[in-house]
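One chain comes next, on its own, written out as structure tokens in the form predicted alone.
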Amino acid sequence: MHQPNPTSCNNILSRKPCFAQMTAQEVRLCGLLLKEHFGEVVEKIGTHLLRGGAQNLRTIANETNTPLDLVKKSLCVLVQHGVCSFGSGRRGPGSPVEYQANCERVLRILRYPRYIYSAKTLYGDTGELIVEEVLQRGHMTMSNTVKTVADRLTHNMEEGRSMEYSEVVSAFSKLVETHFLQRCFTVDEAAPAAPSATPLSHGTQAAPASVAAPTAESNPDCYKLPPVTLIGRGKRRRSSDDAEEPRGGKKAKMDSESCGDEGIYWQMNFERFHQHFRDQAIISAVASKLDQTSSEIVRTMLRMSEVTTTPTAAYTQPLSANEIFRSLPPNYSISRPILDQYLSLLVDDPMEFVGRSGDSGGGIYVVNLHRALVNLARATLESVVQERFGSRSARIFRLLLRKRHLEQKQVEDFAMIPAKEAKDMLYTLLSENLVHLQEIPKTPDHAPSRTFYLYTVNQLPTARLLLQHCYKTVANLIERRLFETKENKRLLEKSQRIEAILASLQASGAEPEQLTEVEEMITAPERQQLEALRHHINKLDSTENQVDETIFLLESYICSTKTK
């Protein structure tokens, strides 16, 4: 059986990343994410590859002082989850295989909860568990996924009920049809016919030759379901089964081999999820700026072109007003003239989310994705400045964004702020690199009395700066959460033991007095401490997710400027 290569049909690993140079904050955050999800050894190997670039097996083992066996296992974990790519070495064909970590892919681990929640919102509990299983294991066969998810759903059902395989297959098919799941290629399929002899320089970000997989457009099988026949129901797990064999063990693999889809593995299409997140952000922005009906029209336009529009496209596919009218939800009973008025309103809006590109079919309209991301990033920057430096500083920042270049006196006049306060605020923003000062001399000697000093805001560099601050913030949050968990390790372990005992007693039909006696093993002060700890941990988790939303918007904006 061919080994699956965790390179997607969209060629995530070999695609040139939007952030070519890794910063110290990115490497630090990647290390924390690898440590939290895969352990200290994998974190050590992964961080070394991120810092050192492409290296062969022996070099990794020698430079990290790690036994060769552990290095192999760590690389297997990284490759399994698509974090590491491999290919012929810098000396060309015949040289030792070199491994290279992908920083952008490691950072996607931070977004796992959002991927899972989106799948739950779109496809219910079944879709949620499918996405969770695939994320946990890197890639899986369809049959193995269906059986595992059906078993998990059955285990949570009432006694005597079970989940049909056909229901899980239906949810899996919908995820594939909408491109949220896609096939992995085998190494043979992903490797080019003639390996490149171009040497791979130390630390370069170019992908190795053997992972140059075809794109989704060139390979129609990317979203083609295998002819699998799955008939049956999920099985209820017993405690003895959990003890004897871990989830995803040999038994599951043997089951998948008899279903006709052996060797066909599936993984997450992260870019499709990001496209969905971007669309939701655009819809929310239109709803808050205009009204719900306008946002529903934009939602319809995005839904009609969600599969045909590439992730890096600056515009959606052109749609006629007639097509939009026919595709509106049935509960939105708006007439055609009203729709035309709304479309005209969207086209004339200063945010320029919707553009008109023709007159046939009642008018041809597109959603300007790049312009939408520019406006969303601008709103994010303005919000950050307002939260950190106050509303008056935010007024100056917005003014510079719109007017581009202004002298200090002009800033004072336009913003209607006293000279002393405006000067202090400008210098504060200048010291934080949120505002830049440009000198335009009248004479070659650059004499201050004959030089214009103009304040300006460069949105793209400012977005990059804020993105690095966000990476640092998330890393600090993760470190704080790990510290809190370590400090209260004894109490958490005690709570888990008691919860396990209670679950066992309840399953065996114990008396209420016995249950109360076990519950009292945790004292009142310990219970209060436990509640405070859980509240604190939940707050840190929630903050991580909120910062990641900002990270996503800024990353999407920066990438859109490179692919425009």
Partner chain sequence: MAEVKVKQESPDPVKIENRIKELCQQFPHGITDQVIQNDMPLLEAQQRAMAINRLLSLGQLDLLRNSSGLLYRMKDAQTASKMKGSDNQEKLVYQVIEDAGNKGIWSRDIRYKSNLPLTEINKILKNLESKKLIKAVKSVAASKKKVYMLYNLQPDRSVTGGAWYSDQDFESEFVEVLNQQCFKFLQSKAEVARDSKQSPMVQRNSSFATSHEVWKYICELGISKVDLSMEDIETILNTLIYDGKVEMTIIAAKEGTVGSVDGQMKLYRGVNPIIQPTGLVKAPCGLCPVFDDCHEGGEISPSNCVYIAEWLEF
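Positions refer to the first chain, counted from 1. This structure is a prediction, so every number in the text was calculated from the model and none was measured.
Not on display, but discussed next: the form predicted together with its partner chain.
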- Task: With heavy atoms only and a cut-off of 4.5 Å, decide whether residue 175 touches its partner chain in the predicted complex.
- Result: no
- Answer with yes or no whether residue 539 is in contact with its partner chain in the predicted complex, where contact means some heavy atom within 4.5 Å. yes
- Item | 4.5 Å heavy atom contact, residue 387 and its partner chain in the predicted complex | yes
- Using 4.5 Å between non-hydrogen atoms, is residue 416 touching its partner chain in the predicted complex? yes
- Counting non-hydrogen atoms within 4.5 angstroms of its partner chain in the predicted complex, say which of 324, 399, 153, 313 makes the cut. 399
- Which pick from 344, 166, 317, 456 sits with a heavy atom within 4.5 Å of its partner chain in the predicted complex? 344
- Item | Triple contact flag 161, 492 and 526 to its partner chain in the predicted complex, non-hydrogen atom at 4.5 angstroms | no
- Item | Candidate stretches 153-161, 284-292, 443-451, 270-278, one within 4.5 Å of its partner chain in the predicted complex by heavy atom | 284-292
- Within 4.5 Å of its partner chain in the predicted complex: residues from 464-494 (heavy atom criterion): 466, 469, 470, 472, 473, 476, 477, 479, 480, 483, 484
